[in-house]
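What follows is one chain in structure tokens, specifically the form predicted alone.
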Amino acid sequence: MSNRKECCRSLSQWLAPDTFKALAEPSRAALLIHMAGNDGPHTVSSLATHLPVDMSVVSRHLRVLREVGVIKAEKHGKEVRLHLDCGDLIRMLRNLADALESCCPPDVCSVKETS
């Protein structure tokens, strides 16, 4: 049982509620999908054209995504250029998947291969 508790501790370090909350919001997901499918860098105003909300709302969504480390912002004069930086997110998700696989016994977590 102590091995299982150790495993759960490992699992908890990869569960990042703020990150999942940030990614779960539909407008933020739409921004990420757009940024991933289009070469950057992007500006707030260019991204705002892809959502049916005010630019200030887009700016707030982008701030949340910056706070969880999914996008980076660089100031160039008066312009702020945004680009995806998913390395930390990818590592966190891979580590979470690995922790789940090592922690969950087969009778508790069934993993089905998809093709």
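The first residue of the shown sequence is 1; numbering continues from there. Being a predicted model, the structure only gives us computed values, none of them experimental.
In what follows, reference is made to the form predicted together with the DNA, a form of this protein that is not presented.
* Asked: Do Asp39 and the DNA share at least one heavy atom pair within 4.5 Å in the model of the complex?
  -> Asp39: no, not in contact with the DNA in the model of the complex.
* Using a 4.5 Å heavy atom cut-off, state whether Gly87 contacts the DNA in the model of the complex. => No, Gly87 is distant from the partner.
* Is Val53 a contact residue for the DNA in the model of the complex, using a 4.5 Å heavy atom cut-off? -> The answer is yes: Val53 has a heavy atom within 4.5 Å of the DNA.
* **Touches the DNA in the model of the complex: Lys72 (any heavy atom, 4.5 Å)** => Taking the distances in the model of the complex, the answer for Lys72 is no, it never comes within 4.5 Å of the DNA.
* Asked: Does each of Leu11, Asn95 and Cys104 have at least one heavy atom within 4.5 Å of the DNA in the model of the complex?
  -> No, the candidate spot makes no contact with the DNA.
* Can you tell me which residues in 58-89 come within 4.5 angstroms of the DNA in the model of the complex, by heavy atoms? -> Contacting residues: Ser59, Arg60, His61, Arg63, Arg66, Lys75, Gly77, Lys78, Glu79, Val80.
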